[in-house]
Ligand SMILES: Cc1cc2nc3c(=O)[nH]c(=O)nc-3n(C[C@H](O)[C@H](O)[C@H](O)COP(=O)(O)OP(=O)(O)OC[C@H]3O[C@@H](n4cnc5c(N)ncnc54)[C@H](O)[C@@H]3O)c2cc1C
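One chain comes next, on its own, written out as structure tokens in the form predicted on its own.
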Amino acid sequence: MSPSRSKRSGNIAEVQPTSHGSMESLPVDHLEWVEAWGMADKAMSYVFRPSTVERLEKVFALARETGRKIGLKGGGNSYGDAFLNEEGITLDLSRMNRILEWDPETGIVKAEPGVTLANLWQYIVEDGWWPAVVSGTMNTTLGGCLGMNIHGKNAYQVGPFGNHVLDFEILLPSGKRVHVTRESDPDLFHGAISGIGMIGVFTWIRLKVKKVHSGRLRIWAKQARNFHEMVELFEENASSMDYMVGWSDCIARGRNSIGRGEMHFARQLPPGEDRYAAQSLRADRQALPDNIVGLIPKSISWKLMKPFVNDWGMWLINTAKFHAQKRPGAEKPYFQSHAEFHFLLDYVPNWKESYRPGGLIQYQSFVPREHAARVFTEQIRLSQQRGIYPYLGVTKKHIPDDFLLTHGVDGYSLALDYPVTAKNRRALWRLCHEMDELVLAAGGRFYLAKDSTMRKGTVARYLPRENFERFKALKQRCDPEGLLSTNMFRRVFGASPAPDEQLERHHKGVANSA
């Protein structure tokens, strides 16, 4: 017996409840607490870690028999509840981690969804290749990269991860396995990629990676006094740089200081410039150092960070970081390995532990270029007025894309890390809702991989109407029973209480599970 078919309504996640499933219907030894990457939310789920497609199919059959929903989990790097599935099944794909084919002549690789970016770059780098798009951590999986359609520091040139996918095979909730290209089924291609795991499970992925002629990048650092100056520097350097990213001090006040920070620009070395390219391309030469400034073991660094994870401590760190850029010679170019430049989140293992017990969330918005500096300035000013300071701000430049749940705009994104405490939790969620309205009024969008706070109806407000309707139709076509669902999907797309009641229930649930 299977769950009833989805209602044909505006609520994509709205399905008829089943009556035959119970907590005793699934093996208790699979029951686990699953925590969001940001540690501000968690859920009790039945976790299965299949290693083959056949075992995947058995989990889908088990879910259908017991009336459970399935949520997909890759590397578990989504800050919020994107892979949490309260009282349902969490399908952890990390064991499906084989590289199936690799052609060092063409740069085309075929791999299973549990292959991480670390697995990938370590496999291909010595042949002179690098992933076309990477996230800030090397621990994301290829399946997660597709499902969330991640972006990197070169988004303004090459777009999101999905732009570099050639084809894939997907297992639909019905049990059907489909080989998909852009041409064979455009909606399935552009909807499964970006579809937050709600369309099906990738069983293999074929993608094109990027040719590199050295294991090093040439880096320039430059100071920006505020968001307006940062956007100007992005625009001036976009045509000459391969990668760009900006860090902002979001605690600094003052009319001309909000958003002040440091920008990093990177350029690949052309063929022949690196005389020792073969050595610099070795995987062990890309590895991140074990110690900070050669002295402090990284394994304990997060403990040293913890006393500074508060408003005054972060003010001190941000101020010192900003003024350090003024030292003589600070803007001279220097070299970093690809891994050092890209994977800043991996520099200090377990750094997020310094945010316990409440954890953190990340609020990331994407705003058209003509409004970006103003909106980002207003977001920081509003945060400061509410007394809730983001401890980190990261800015990137973007271009539009063709994927159904797109976050891409011809403009900029700002990712803000907020600490979560028992005292600020409700106020923080309401602050994010206020910032939502600033972004929506400017024609902006959001990134579901990072979201923790979005309310029902917001996606329909920022997505082009055609995209929203096509995604609804695709979900109905590929998953008519509504078998694939997560806490985030139900929160953002499905039937839910009124916003204030929804917020109260959410915080009460988190408090009870702590």
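Residue positions are given as counts along the sequence shown, with the first one as 1. All of these numbers come straight from a predicted model, not from anything done at the bench.
A second form of this protein, the form predicted together with the named molecule, is not displayed here; the remarks below concern that form.
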Which of 275 to 283, 220 to 228, 373 to 381, 67 to 75 lines the interface with the named molecule in the model of the complex (heavy atom within 4.5 Å): 67 to 75
Taking 163, 213 and 339 as the candidate spot, are all three within 4.5 angstroms of the named molecule in the model of the complex by heavy atoms? no
Going by heavy atom distances of 4.5 angstroms or less, which of 233, 316, 399, 345 would be at the interface with the named molecule in the model of the complex? 345
Within 4.5 Å of the named molecule in the model of the complex, heavy atoms considered, which of 258, 404, 148, 111? 148
Non-hydrogen atom contact residue 447 with the named molecule in the model of the complex at 4.5 angstroms: yes
The named molecule contact in the model of the complex: residue 363, any heavy atom under 4.5 Å: no
Does residue 310 reach the named molecule in the model of the complex if we count a contact as any heavy atom within 4.5 Å? no
Given that the named molecule is not shown alongside this chain, does residue 200 nevertheless sit within 4.5 Å of it in the model of the complex, heavy atom to heavy atom? yes
Interface residues of 26 to 61 toward the named molecule, as seen in the model of the complex [heavy atoms, 4.5 Å]: 37
